[in-house]
Ligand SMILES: Nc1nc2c(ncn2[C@@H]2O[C@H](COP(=O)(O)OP(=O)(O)OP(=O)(O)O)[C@@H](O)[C@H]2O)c(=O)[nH]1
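One chain follows as structure tokens, the form predicted alone.
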């Protein structure tokens, strides 16, 4: 599946960079073009993979290149005011080569949280191709204002895209990990999952998949809108060394191959989702199994697909394979689309609503508190004017 990739805000730009890193390392070809959009000049300068001429600075007249400071209403404003700048970059995209647009943003900050829904809305207005979002939730320990930002952005973003893929930082940050290292590993995890999904149908030389997961399979899985979570797990192979004369590797035991695939897919579904959710609330699903061709079994993939049908209760489960001859792993990727039972989203909305009520109450109390602070009850102090 070929995508046009738009990274909005600091987190969005870094994730877009990581996706391009994965594409280069895996020698895949699924990103047709990339644009980074931000109101902070320093964040744009810190990108490594996205070309300089594909970086768009918005909001200069308001924030002077210093960012929106976690104010996502300001993020909306600068994006709407500078839509011509964004359109100029989008107009250069080779849309005739694109199957879909992917707008990536962190939902807790200012620019990405506010501007991403505006940009998604404009893309949907201009083009007939699907517009998907990738929203990254802040950690619950990052503070109430970031949770409120995420709750407001989520409600808006999910309405403006054809489907919103969600990644929850809370589910992936490891204790004792540095902030920078934690975000880098999370970005790599996002890139790996999207990379496997999008490159599975872009195989241009043998060995070819027996069951191709092309753009139409992904589009049909994401049809209907709502929220999507992606599971991934892998199993390392104990492959013998190839030897001096490149002797052929013996074929593995068929039963072991089938069991490895089904176990890996179950692990991906039940324990490694980007957004923890009740899998029984899934509307549509997709399974992709990758690895060396001799370790890919139609029986194993079909068995995994049937198991996922039973687990989710939906009959719309698609499946396919992605042969990677030199890989030392068998990997299973599971896309659960249209999930509706998501405790983290409910928690996000509850904390966001509580934070919003608290902010409004404090704003109402502030004028009176300020008067109490500056009031000279005895009238002994004369103001300057």
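These figures come from a predicted structure and were not determined experimentally. Positions refer to the first chain, counted from 1.
Missing here is the form predicted together with this ligand; even so, the following discussion is about that form.
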### Query
Would you say all of 69, 142 and 183 touch this ligand in the model of the complex, counting a heavy atom within 4.5 Å as a touch?
yes
Assert contact residue (this ligand, in the model of the complex, non-hydrogen atom within 4.5 Å, options 166, 190, 222, 287) equals 190
For residue 11, is any heavy atom within 4.5 Å of this ligand in the model of the complex, or not?
-> yes
- [ ] Tell me, yes or no, whether residue 43 is in contact with this ligand in the model of the complex, where a contact means a heavy atom of each within 4.5 Å.
- [x] yes
Hey, in the model of the complex, is residue 103 touching this ligand, heavy atoms inside 4.5 Å? no
How about residue 138: is it within 4.5 Å of this ligand in the model of the complex, going by heavy atoms?
-> yes
Which of 210 to 218, 110 to 118, 305 to 313, 269 to 277 lies within 4.5 Å of this ligand in the model of the complex, heavy atoms considered? The stretch 110 to 118
Applying a 4.5 angstroms cut-off on non-hydrogen atoms, the residues of 320 to 354 near this ligand in the model of the complex are none
